[in-house]
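Take a look at this one chain, the form predicted alone, written out in structure tokens.
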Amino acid sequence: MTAMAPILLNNMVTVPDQSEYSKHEVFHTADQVHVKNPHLDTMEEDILYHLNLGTKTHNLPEMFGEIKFVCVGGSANRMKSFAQFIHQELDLPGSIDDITDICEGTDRYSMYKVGPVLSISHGMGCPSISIMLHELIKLVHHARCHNVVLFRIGTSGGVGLAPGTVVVTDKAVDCFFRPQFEQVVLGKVIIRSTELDVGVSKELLQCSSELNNFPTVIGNTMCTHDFYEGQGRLDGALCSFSTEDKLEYLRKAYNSGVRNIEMESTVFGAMCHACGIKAAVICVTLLNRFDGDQISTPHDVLEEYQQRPQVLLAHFIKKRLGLIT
């Protein structure tokens, strides 16, 4: 098949679906991720700087070749907690105290490997998770992993949902409710699809119905580049709109299918889709944004809320591994 060239309109480039790419771009065969950046082929070593790993300094296939599930989330502490939790859920040998940070030589991200599961922090916002994903996707490629599924778990603001509701993302949308991610490259705006894997989302919903521990819905997740004004909050250092302006925008978001708001889902979806990786986003809501902007829920309740995406994902992983039916 002849590769379809990117379409340039008014200095904006729409990247065609990854199935249209030639072998010189990015493709997915035999359930293995192949990152076809031609510049990588000329490098003697690929240094994954922010992960403190490299193709010459580490035997990546030996270290990571068994990975089947990659879970990413904003907080380093939360991802360590997830690694310890999944260690217990999978009943793996050894102590959770022996789980160490593979990226301890850097202060950017934290990474923990537990059997076939990799748990990694990504920081806050699209730029931070984007840097991590570039290196993570190359890591999975260099390690020759197969049949890998990526998950983002985290917290979010709910739109018309009660606090504690878990949202499995249907579409990751931008602040105009479009399922796309815009990246500026060499002065041009590159537009990529944020499509997530429908099959994985359906499996997660089925897992939730089996657990029956907390409310779970599927809906669109809006990703913004700011926590305050960008999400229509009235409590930042700057605010250029009224309460009614905020509520009108949230109503438009709700009517478009948005059920929660966070800051990473569009670039996560775009990069996974472009590289042919099955992916899903699972976030718990900490408040209903129609009711306010600040979180007043007691700390112990919030802690339980934040465990919910981990519990759901653990059930999914155990089912995939045949540990439960």
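The structure displayed is predicted, hence computed values, not measured ones. Residue indices: 1-based, along the sequence shown.
As for the form predicted in complex with a further copy of the same chain, it is not shown, yet the points below apply to it.
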Is a further copy of the same chain in the model of the complex near all of 83, 202 and 266, within 4.5 Å of a heavy atom of each? no
Which of 209-217, 159-167, 233-241, 85-93 has heavy atoms within 4.5 Å of a further copy of the same chain in the model of the complex? 233-241
Would residue 179 count as a contact of a further copy of the same chain in the model of the complex, using a 4.5 angstroms cut-off between non-hydrogen atoms? no
Looking at the partner-bound form in the model of the complex, is residue 189 within 4.5 Å of a further copy of the same chain by any heavy atom? yes
Distance check, residue 228 to a further copy of the same chain in the model of the complex, heavy atom within 4.5 Å: yes
Using 4.5 Å between non-hydrogen atoms, is residue 109 touching a further copy of the same chain in the model of the complex? yes
Even though the chain is shown alone, can you say which residues of 172-187 have a heavy atom within 4.5 Å of a further copy of the same chain in the model of the complex? 175, 176, 183, 184, 185, 186, 187
